[in-house]
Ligand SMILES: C[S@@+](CC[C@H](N)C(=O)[O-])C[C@H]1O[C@@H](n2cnc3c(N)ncnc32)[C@H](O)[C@@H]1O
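Here we start with a single chain on its own, the form predicted on its own, put down as structure tokens.
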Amino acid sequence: MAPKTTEDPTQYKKTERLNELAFAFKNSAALLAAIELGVFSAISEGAATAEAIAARAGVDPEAADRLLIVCKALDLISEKGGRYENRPDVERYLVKSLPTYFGDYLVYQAGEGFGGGKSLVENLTGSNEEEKAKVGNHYKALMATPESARRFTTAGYNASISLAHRLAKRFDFSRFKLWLDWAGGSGCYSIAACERHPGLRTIVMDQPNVIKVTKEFVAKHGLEDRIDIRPGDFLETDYPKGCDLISFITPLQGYMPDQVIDILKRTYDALEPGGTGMVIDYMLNDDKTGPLDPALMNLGGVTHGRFMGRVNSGAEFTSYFEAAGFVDIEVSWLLEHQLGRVTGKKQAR
């Protein structure tokens, strides 16, 4: 007798799965609109009816009602006795007054995304020659004005401060005296590590417009005496001396493998003997079957036919660390669906 199977024989003979993939942008648009209009914040703060939410958002009650219907269908909110309530994850992460809020990050990233199917086709084929000629360093371009740098850096803090505390709990920063965090953005990783490890001092280096915002976040946490903030570019600026830990937390997907190896070689040379180099970044499975978020990030790294960076697997990161001279290389997941952590040691004398 043939073994029974639970697989649906019509699974790949229906349109539902393809419709869901093709029209997922509609879900995103509704979520982002609710964030930007402050719907979830309004609900959390007591505006629990469509009329009250409409007044807070500055839209017609009929328009608010239509958006709220979609939010219920997406299981973002619920309605009980004519009053709306946020789902627990929405309440925690999408209410602007709470310290765990990261709605601005979602809105920002959506605005910096693929920009629709036609734009993605142009990026993959390089068919827009005028735009292709303008392509440069994406991060530097984003940080070119104080306004754009503030939006990016603030969104990064909102999105990453919880993850920074996860890293500070899982990684033993107490072994180190001076940590250089390149492209450290808001400084959230240094902030979390210093709060949990009193003996640690850090240096955060980033673009000039970024570090103006970094200083504000560090001051907010009262860590100005332990977190040194400096302008710099890890491809151009001399690395500070005396560091026994040097990290790159999510900038390296913006570079191709030969550049990553060069960066890691500079890191190896700058480290104190016995020091550690660390990369935390979007990471693919070794067999390149996913995860989906890093795979999409990798796809988005093609701009008008030019490769603006690459998302690597753990095995590839290992080979880059080895090429730079590191030993005792370890690869693990910080977020299994998204971010990997790779560390390597410089040999002691």
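Note that the coordinates shown come from a computational prediction; the quantities given were computed from them, not determined experimentally. In this text, residue numbers run from 1 along the sequence as written.
A second form of this protein, the form predicted in complex with this ligand, is not displayed here; the remarks below concern that form.
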Within 4.5 Å, heavy atoms only, which of Ala168, Leu76, Leu271, Ala183 is in contact with this ligand in the model of the complex? Ala183
With this ligand left out of view, choose which of Pro240, Pro251, Pro257, Gly126 has a non-hydrogen atom within 4.5 angstroms of it in the model of the complex. Pro251
Check Phe152, Tyr189 and Phe234: does every one of them have a heavy atom within 4.5 Å of this ligand in the model of the complex? yes
Given a 4.5 Å cut-off on heavy atoms, tell me which of 86-94, 202-210, 217-225, 170-178 is the interface stretch with this ligand in the model of the complex. 202-210
Distance check, Ser160 to this ligand in the model of the complex, heavy atom within 4.5 Å: yes
Is there any non-hydrogen atom of Tyr101 lying within 4.5 Å of this ligand in the model of the complex? no
Is there a non-hydrogen atom of Met143 within 4.5 angstroms of a non-hydrogen atom of this ligand in the model of the complex? yes
